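So this first bit is one chain, no partners, the form predicted on its own, shown in structure tokens.
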């Protein structure tokens, strides 16, 4: 997430009631989680296991709960609860704002776009030209939609990330300050849910088509010209490259990459990254020819066991 203007590290520390103990270099330009940080960003770390990763990341500034030696140019803010401090920044820069109109006065709607009755368009939403938004679609704040996009009824674009930290008294919500971006010529089926990023953006690339009742998790990036079948469940922080085909009821775990041109057949699931250009099946998915070989072998097991006895 980019800030509306550069902030000094002291200003950020004051916002979260923290203490600057290493000033660092330059101003704070935005905030992001460690997996997507850029130079000028502030991030956070609250466990010694990840201190080294945070301190050597691209983040120029880090909120941390222990005084440590910082690499050259890195600025550090000391805070007892870095997770809470990061949430506080999200709420400061992207706090929820109620809207008393069906289409917010701050929304920008392109020429030729049709919005059917019952659709809700939130604050600071941008929709391009010649789009079709069907009845009862909900498009949450700050969403960006390109040209020639179709969104079918009851779909929700920009809902909060499903992301919580375990506490002694329950779970603490990781506040969502990111956006959803749909590129040109995207089509989203009915009753889909696309979560916004926590601090970055959830992105769906040009020409991608999604069937009904699909879920896309926070900070996921989907490439160009992908086909995503009904009931697909895609976890957060996943990268799906161009020309991927996911058939019905495919499940994809978080933090993985699905290579260009991959085809996942119906009801398959993957929990680790896969190279592109292959047809996969099963849970966990393997190459389809190997899957069927394994299946045939398993069908023969009962007779083999009888012979052994």
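Positions refer to the first chain, counted from 1. It should be emphasised that the depicted structure is a prediction, and the values quoted were computed from it without experimental measurement.
Separately, the form predicted in complex with a further copy of the same chain exists; it is not shown, and the next lines address it.
Contact annotation: residue 173 falls within 4.5 Å of a further copy of the same chain in the model of the complex, judged by heavy atom distances.
Proximity of residue 286 to a further copy of the same chain in the model of the complex: non-hydrogen atoms within 4.5 Å are present. Using a 4.5 angstroms threshold between heavy atoms, residue 191 counts as touching a further copy of the same chain in the model of the complex. Proximity of residue 293 to a further copy of the same chain in the model of the complex: non-hydrogen atoms within 4.5 Å are present.
Proximity to a further copy of the same chain in the model of the complex holds for all of 117, 212 and 249, with the criterion being a heavy atom within 4.5 Å. For a further copy of the same chain in the model of the complex, the listed stretch (154-162, 85-93, 68-76, 197-205) containing residues with heavy atoms inside 4.5 Å is 154-162. Shown without its partner, this chain lists 181, 239, 109, 227 as candidates; in the model of the complex, only 227 has a non-hydrogen atom within 4.5 angstroms of a further copy of the same chain. The partner is not shown here, but in the model of the complex the stretch 125-143 reaches within 4.5 angstroms of a further copy of the same chain through a heavy atom at 132, 134, 135, 136, 137, 138, 140.
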